[in-house]
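First comes one chain, alone, set out as structure tokens in the form predicted alone.
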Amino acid sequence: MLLFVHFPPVTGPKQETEALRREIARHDRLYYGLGAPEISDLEYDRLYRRLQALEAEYPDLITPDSPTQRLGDTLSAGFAAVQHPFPMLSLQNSYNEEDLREFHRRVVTGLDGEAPEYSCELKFDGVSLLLTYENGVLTRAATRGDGQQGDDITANIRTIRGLPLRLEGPKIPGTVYVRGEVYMRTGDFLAFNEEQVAEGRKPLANPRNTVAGSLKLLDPSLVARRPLRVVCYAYDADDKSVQTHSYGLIRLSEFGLPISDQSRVVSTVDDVIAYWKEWEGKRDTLPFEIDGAVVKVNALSHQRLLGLTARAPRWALACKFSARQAQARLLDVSFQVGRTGVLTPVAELEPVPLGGVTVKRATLHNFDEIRRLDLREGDTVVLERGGDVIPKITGVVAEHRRRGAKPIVEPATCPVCGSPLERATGEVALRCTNPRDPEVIKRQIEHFVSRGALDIGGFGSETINALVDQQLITDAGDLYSLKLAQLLALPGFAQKSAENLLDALNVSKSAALDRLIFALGVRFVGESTARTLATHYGDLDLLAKAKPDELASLPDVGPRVAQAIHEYFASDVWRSLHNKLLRAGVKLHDDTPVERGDKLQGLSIVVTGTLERYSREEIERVILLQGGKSVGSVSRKTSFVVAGEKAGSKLEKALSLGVPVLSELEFDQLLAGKRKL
């Protein structure tokens, strides 16, 4: 099947790259900001790859705001502290109507009796940040920190595709400060949590925790794989056209920045209360979490008159929602089987309304949690959602316990296939010992095609279940043998969708090696470890032959992970999958072979600027395979810096600290033994 992508009309490379950047930025805004994509993922990828090809051929055309530059240097020495241009204060909280009326009375008094206009907004449950745009280009993103200074997380924030790297629109001021919130949609969070559990990690309670952890990652390429979003809610610039907070939001939207479409300007405190109560009742209709509403005096002149306290503005208030709790009777405990065979106990509950949904099930995580709760058959349990998306059992109502209630007993065999269960030393999880358990296979395939792995769109859970149940596939390798007629026989498939799926499968054969390693679903091997393994070995067959001691010496691995990797590649499951991947033509190696050695043993090396002979991934792999460590920032502990064209602040810092600086040629001479440090 042919897909036709209409590239923008151009007259030369410069004009084409500029047109492609504008087109990709527009599609990013449509997809991530408005949820209204106009083209398929495949068509988007072709636009993106065309831009990459042009920039590779004409490096002088690369600009900091290009979509290809969203991934900058890896940050491996922590985040630099940056001073905020103004205090980033927190908001005073209110929990009842009287608090809100008292706030209104203080505002009116501060305005000498004048009744203000208010802007009412949703309070996104995320992580606050400050964006700085200079001459329309994003130059810095920082966390709130202590309000006076925060962490410089620019490299991580640049990976969020819904956030423009260059502002659009009329009369953009020279410097624009934007306050916003990084958040994650509920559906994206649930999918991420499924991956956490499948990898043997503890599930996270809510999207905010996940966002906060994501922004602390030192590798922007890992942040890029997490479905983060930004909503902007405050505008600060030398812009005389903006006299109200609400018009500032309009300006942000004109610049192409994502804002909430649920803001409302009102004239009375009763209207503010009505807005707050309205959204407390409607919070569960949103695809993301909110934990309250925010009310702000709308006129900027009124805000300046009211001023600030040491901790909070006098002109704004957070109206928090109450926690959501319910009680329900435990009917039974069932079990889910994950892709690594781990059994997760699930409480089957008498249906109860909680936070706008009817809750019938809640995860119990493992039997340690069941023992901690002292959960018995037929107990009445306390459920809570609060800021948590997933309903969790927080306790047992002891006075409602029936006399003689029996404890929940661990099963001895798998409830799906009847195979024996085992618990590895030092682990809390029970695990099915049958690698061909149908549920294990289904979950493994779901992981293989997921966005963080090979990102093969079109495979929902229902499709995968049908393929396994009908014995059309027995592992992920069989996906590449699927025929058009087989897909058309499945529910929900038409000619176009079936062809798109087969096309996506074909594209996935050329995926990066680290994504393929992650897609295999080896126990304890997350995205970071997969990248380490891909960089070190460069070939899946070499990785499969590695001994545990060798693996354990690598960063991010260690003995337990090394043993899990070794056991996986020694299994019949891998041998079968390997043969199918080979027959399908899936690329199992990096394209550039690299010699191993110890010429950089123990050295800490920074690479900066544009290189001619190496890509960034290639030179980092050379450093790793020669015993060195590639780091992202320069310090006195840095052994040397490799500087290419357009090297900037890292080169300057190296020179100021007296750290040796090598050109690309000098780096090659060092490897060849023709040069010493």
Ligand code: IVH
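Heads up: residue numbers just count along the shown sequence, starting at 1. Because the structure is predicted, anything quoted here is derived from the model rather than measured.
Here the subject shifts to the form predicted together with the ligand, a form of this protein not shown in this document.
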Which listed residue (Asp478, Glu181, Asp437, Glu117) meets the criterion of a heavy atom within 4.5 Å of the ligand in the model of the complex? Glu181
State the residue from Leu138, Leu91, Leu305, Ala564 whose non-hydrogen atoms include one within 4.5 Å of the ligand in the model of the complex. Leu91
Given 514-522, 266-274, 117-125, 571-579, the stretch touching the ligand in the model of the complex at heavy atoms within 4.5 Å is 117-125
Contact check in the model of the complex: Tyr133, Arg166 and Tyr235 versus the ligand, with a cutoff of 4.5 Å between any heavy atoms. Do all three pass? no
State yes or no: in the model of the complex, is some non-hydrogen atom of Arg158 no more than 4.5 angstroms from a non-hydrogen atom of the ligand? no
Does Pro345 make contact with the ligand in the model of the complex, using a 4.5 Å heavy atom cut-off? no
Since only the chain is shown here, I'm wondering whether Lys392 would be in contact with the ligand in the model of the complex (any heavy atom pair within 4.5 Å). no
Using a 4.5 angstroms cut-off on non-hydrogen atoms, would Lys296 count as touching the ligand in the model of the complex? yes
Determine the residues of 309-325 with a heavy atom within 4.5 Å of the ligand in the model of the complex and present them in sequence order; the list may be empty. Pro313, Trp315
